[in-house]
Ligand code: GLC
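Consider the single chain below, provided in structure tokens and representing the form predicted alone.
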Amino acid sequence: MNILFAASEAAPFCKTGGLADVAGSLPVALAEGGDNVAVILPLYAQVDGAWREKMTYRFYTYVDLAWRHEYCGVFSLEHRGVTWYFVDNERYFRRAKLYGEFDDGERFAFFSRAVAELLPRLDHMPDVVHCNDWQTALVPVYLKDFAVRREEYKRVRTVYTVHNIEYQGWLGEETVTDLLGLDRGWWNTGMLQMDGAVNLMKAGLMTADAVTTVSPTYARELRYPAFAHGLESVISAVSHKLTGVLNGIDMVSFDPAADAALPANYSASNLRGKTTCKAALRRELGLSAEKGTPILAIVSRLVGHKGTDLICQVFDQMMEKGVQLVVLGMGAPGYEDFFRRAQERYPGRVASCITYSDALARRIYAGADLYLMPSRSEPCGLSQMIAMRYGTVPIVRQTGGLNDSVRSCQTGQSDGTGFVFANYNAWDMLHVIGEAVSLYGSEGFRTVRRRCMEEDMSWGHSARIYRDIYGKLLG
């Protein structure tokens, strides 16, 4: 099959979150299985010069977006068996950040239109175009629109993946013709319309031939208002074509036995290097050398739905459990200030790094013993999988992908890989932290740690499911 992924970010070229990890590793897994795979991305200013030097200029054209006539350059490179295309338009993509600009709707409408227009000029006309989140939700719309008039588009099938339904892409009604360049019929039939405005995610859900989301539990949760952020009726309407597929991680990139960011490497069969990583992390972050004390880590955006409010609510009681805490992340100013003050209140026991660094995150995953992820909602979550890969035992709430990727070791299960709690409650979380600390240092804890590291969290299983979805669409 010829498969094209359309995404607004992908590691290692440009990244703000988990979407980049998925778009950077799932295509590689599919290519390894024998499919002809390409990915198309915006050429952001943030794409490093080292990657730009490897790119080949392919061609340029112009893309019409309603009355706009915009330059569109195309570059490409080969990496890990995948062809990576980059759409160049400096007016839209030479910005200080990937998202959060005043004209994001216009920027990604241009990108979606460009993707659709460019298909016949790529090295291979795709059989399947796999789109991701609201930034590419218009691609299925444009492809359906083009297929009415252009023969080469009629056989192309589309898959649309919801990574986080909270971010939907809202525009005014007038943009249907004035910005998107679509006939009013797309509005009148309800394909674009939601609560009196254009909702791009709804458009992708309604027009794609298949819809997926990033874990089976999240697919079930989206049927309820508490998780669907107003789109529960749309999810119900597309339930016949919705599949939850648990994300994997890049087992080559995230490998403690070979990770160059670590002060020492280690494996499940030889954990001496993890002890070295723990001592080095304490020195780096100014934590006291406390023999027998576990390091509890949080690598996260500091926002409400990540469960940060639960941590703040019982913070002192949590520290009384006998842990050292490392926090890495940025987010709401109130939470950032809370953790800065926590470091001042607990010198040598709390390290708050209000920033983001991939290299530091890897050293934290390697040096910590326990990893806390008490999310209110979590479509999939990759951090808990990365922590497990590095032998750091997760403590998670049973929601979304956390429920699908971490098995309880509290219930005597022979395959348990972490500590879990069900209710979104600070005291339930605190109780489970206490259970984990009590087990720390025992043979049971070492067994769970080893089991975490031996868990297969690769993309192999998920890639097979996606390949089956594509195959069914193509008959």
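For every residue, the number given is its place in the sequence shown, counted from 1. All figures in this text were calculated on a predicted structure; none of them were measured in a lab.
We do not show the form predicted in complex with the ligand, though everything after this point is about it.
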In the predicted complex, the residue from 457, 14, 22, 463 that sits within 4.5 Å of the ligand by heavy atoms:
22
Could you check which residue among 140, 244, 394, 379 gets a heavy atom within 4.5 Å of the ligand in the predicted complex?
379
Only one of 381-389, 220-228, 200-208, 110-118 gets a heavy atom within 4.5 Å of the ligand in the predicted complex; which is it?
381-389
So in the predicted complex, does any heavy atom of residue 163 sit within 4.5 Å of the ligand?
yes
Is it the case that residue 214, even though its partner is missing from this view, gets within 4.5 Å of the ligand in the predicted complex, heavy atoms only?
yes
